[in-house]
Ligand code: CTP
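The chain below stands alone, shown as structure tokens; this is the form predicted alone.
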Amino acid sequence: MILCSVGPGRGALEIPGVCRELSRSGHSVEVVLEPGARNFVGPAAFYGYATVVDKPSGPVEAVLFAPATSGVLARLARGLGDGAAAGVYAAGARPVVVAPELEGGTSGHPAVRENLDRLSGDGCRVVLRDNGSMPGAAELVAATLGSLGGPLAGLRVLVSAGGTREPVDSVRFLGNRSSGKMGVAIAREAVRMGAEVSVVAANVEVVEPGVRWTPVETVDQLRESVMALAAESDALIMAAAVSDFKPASVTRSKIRRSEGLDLELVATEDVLKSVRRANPELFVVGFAATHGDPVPDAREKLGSKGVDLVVGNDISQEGIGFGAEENEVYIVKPEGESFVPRASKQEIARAILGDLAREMTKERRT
């Protein structure tokens, strides 16, 4: 059971959403509303996802203090078990995530900094934005679930997401329809399963909180970033749609219609093959987006790229694939394949990462 201690502050409005996501991840959630918190959020906001209690009803797996005022930080740092959640913390419950919400220059006050340092030294995970505000719901969920460990605990996972764009002139480019939703879903779920996650994002508009984020645009930029980060990673999931071709030359100014356009294309470097050659011990997951049955293409890619898993999907089907909220995939392994029927991309991501965790466990045992 995860215990959420909700303090008084605007950040309290985020906590029902946090509890919803924690509950959807399979955890029971109980909420303690600290004095003053009901001025911001009431018990009804948690209905269906969490139970509002005066004290926890059973053993606690993790504790989240959010929003945490400077007073809460002081009491926790000094071991004062004032209140149900603080008492659980003082009794030694771990892991603990603390999300302060501090006004103005409070976050820089020496006493507050000392309390934050004490909490970090005591094993708490402190999540705080530079301006002293509390992070949003997605980051709190990632921090809480990540603190619980999970099948990817201790692993460094690199994910590529989005679609590359190759410039033609100063305003035009060759690109593809990838939105990056599948790659971002994989990154989000990997954090929640305990991994330390880096994302190389090709033209993805929204930054996923709780990960190391590297934005890129072109194939060459993506290759450079992936090669650099792969050397310090345990697994790579290449979910980005990488251009197979790029213009042989790029015009620095805008090409006018009256000038005409004769476009010569050249093949781009195979990023997946390059990464595999340079990192033979890296666990690598590739993607194969095809029209029709994806298994033959995925199995061919499994051999030709020298990767460990290939995720194949049929992009000709309506409602799945590029830009959609759902997907349907085959996860192809050397010894066979498994079918994951149509579901949200979050659920698909969990299935992919579950196979990755199992296959990596097998490798460590052999």
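The numbering used is simple: start at 1 and walk along the sequence shown. A quick note: this is a predicted structure, and the numbers were derived from the prediction, not measured.
Just so it is clear, the following notes concern the form predicted in complex with this ligand, a form of the same protein that is not shown.
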Note: exactly one of S198, S225, N115, S243 sits with a heavy atom within 4.5 Å of this ligand in the predicted bound form, namely S243
Only hit among T268, S107, N176, Q221 for heavy atom within 4.5 Å of this ligand in the predicted bound form is T268
Assert contact_stretch over 81-89, 281-289, 141-149, 94-102 against this ligand in the predicted bound form, heavy atom within 4.5 Å, equals 281-289
| message | Whether V184 contacts this ligand in the predicted bound form should be assessed with a 4.5 Å heavy atom distance threshold; does it? | response | no
K305 near this ligand in the predicted bound form, any heavy atom under 4.5 Å? yes
Partner proximity in the predicted bound form: M238 to this ligand, non-hydrogen atom cutoff 4.5 Å:
yes
Touches this ligand in the predicted bound form: L272 (any heavy atom, 4.5 Å):
yes
